[in-house]
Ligand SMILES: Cc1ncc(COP(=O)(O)O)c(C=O)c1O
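Before any questions on how it binds or moves, here is one chain, the form predicted alone, in structure tokens.
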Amino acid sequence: MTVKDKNITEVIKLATPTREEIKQVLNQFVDEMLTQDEQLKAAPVRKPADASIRQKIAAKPIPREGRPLTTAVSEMLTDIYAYGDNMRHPRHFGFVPGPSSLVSWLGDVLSSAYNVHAAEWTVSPTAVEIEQKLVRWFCDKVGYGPKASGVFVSGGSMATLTALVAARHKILTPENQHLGTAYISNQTHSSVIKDLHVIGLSDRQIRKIPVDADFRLDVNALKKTIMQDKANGAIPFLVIATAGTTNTGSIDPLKDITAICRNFNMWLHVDGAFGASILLSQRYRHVLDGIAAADSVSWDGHKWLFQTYSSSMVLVKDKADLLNSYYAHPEYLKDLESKHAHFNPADMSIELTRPARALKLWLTLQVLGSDKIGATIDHGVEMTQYAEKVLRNVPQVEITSPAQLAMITFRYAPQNLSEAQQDELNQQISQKMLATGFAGVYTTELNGHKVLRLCIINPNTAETDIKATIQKLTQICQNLVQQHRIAVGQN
């Protein structure tokens, strides 16, 4: 070793925390994390970061020389991780990406520690084997046959994008792509429109189909629009149905949509980012009857499978559709069935550099078992049904969409307020509730009105949490009206 090499080695050694320092920080962090988990119900659901905190972070420099590990980690815990919404909280009902299992967290720690690169068999044969085994298991849950496959991706947006590229590649050509039209509902997740833009469709090629009274895609309007487009020279090639919409938990009529797609030779993708997890429930899986006919399905683990970010899957009925779209050497496909039982995940998706996202879900299923996961999903459905029962006994509450999967929407609608005033009232109720830190209740819009939404997927949410949350919402409503913060009687 030369003097120069020795000096470089010494610099690196000095810049790296010692084994004892890392061990100390890890032990302290694990103890703190587990303590927080035990005391979760007593903690607020969110901690806003005021301007002083944001300014403090913005003013933090990138140091030329390193700082002690314990100092840097302590600052991250107190100045960064401590703020924002705590979606692990049993009374956080605001968003679908919900509570992560501590087992998934541990799996994430393990995979990060080993820094597994899960793009191909040669580099990570066991990690890829686990991914394909899980993909096959979830394909079976959907009802797919032996040709099915899929890959893990970062989230629902990427899962849908991966499928839409395959749909475009299979049905359209470069010459007629400008004529292709895709069909969604006005309740389809906003990320889908971004995905459609990414695959080359303009807004004039995207049709937003109205929904019925249950906020499901109107199949009669869908069929009529497709026929009009064909008559005008367009090429209808894709319908995106939703299994569990973000607003209401509604499930589009999958069997009817499938019949339309088969009649017009169209690809059917089902956005099951949230709702596909109901397939693990023995009691409620029937609500997704017909999903097996879809050409592709997106399914998020970090929603109702209680995984840390990020964990999502795209599943396809025929793995050749992904290989045709993403593999760089088409001759590879000539002997698809006879010579190649296994495929590199990188050959079936956009990513080449990719983490081993499947391993933490594998660990979760190994430790908890699929029956317990299914029972936990049942719990979310039944807690939402309980919430509806409580709400129906609250004066001046309108149920705007009943309990579906783990979602319910409602609004406080005092008769002496105009609709505009009712919208403002419900907005303020949400803001006041969030300010208390007691529960995370946000608003959405349905039929042009501001409504409150509860998404109840946390396995630790109890009936007492739901009842107490509704009582507090009602009290906030009464206080707002009594204090004339809503201009009663004015337009």
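Predicted model, so just to flag it, every value in this text is computed and none were measured. Sequential numbering from 1, following the sequence displayed.
Same protein, other form: the form predicted together with the ligand, not shown, and the subject of what follows.
- Here the marked residues V96, T242 and K303 all reach the ligand in the model of the complex, each with a heavy atom within 4.5 angstroms.
- When contacts are judged by a 4.5 Å heavy atom cut-off, F274 counts as touching the ligand in the model of the complex.
- Contact annotation: G143 falls outside 4.5 Å of the ligand in the model of the complex, judged by heavy atom distances.
- Taking the partner from the other structure, the ligand in the model of the complex has a heavy atom within 4.5 Å of a heavy atom of S157.
- The closest non-hydrogen atom of S191 lies within 4.5 Å of the ligand in the model of the complex.
- Partner contact region in the model of the complex: 242-250, out of 356-364, 197-205, 242-250, 116-124, criterion any non-hydrogen atom within 4.5 Å of the ligand.
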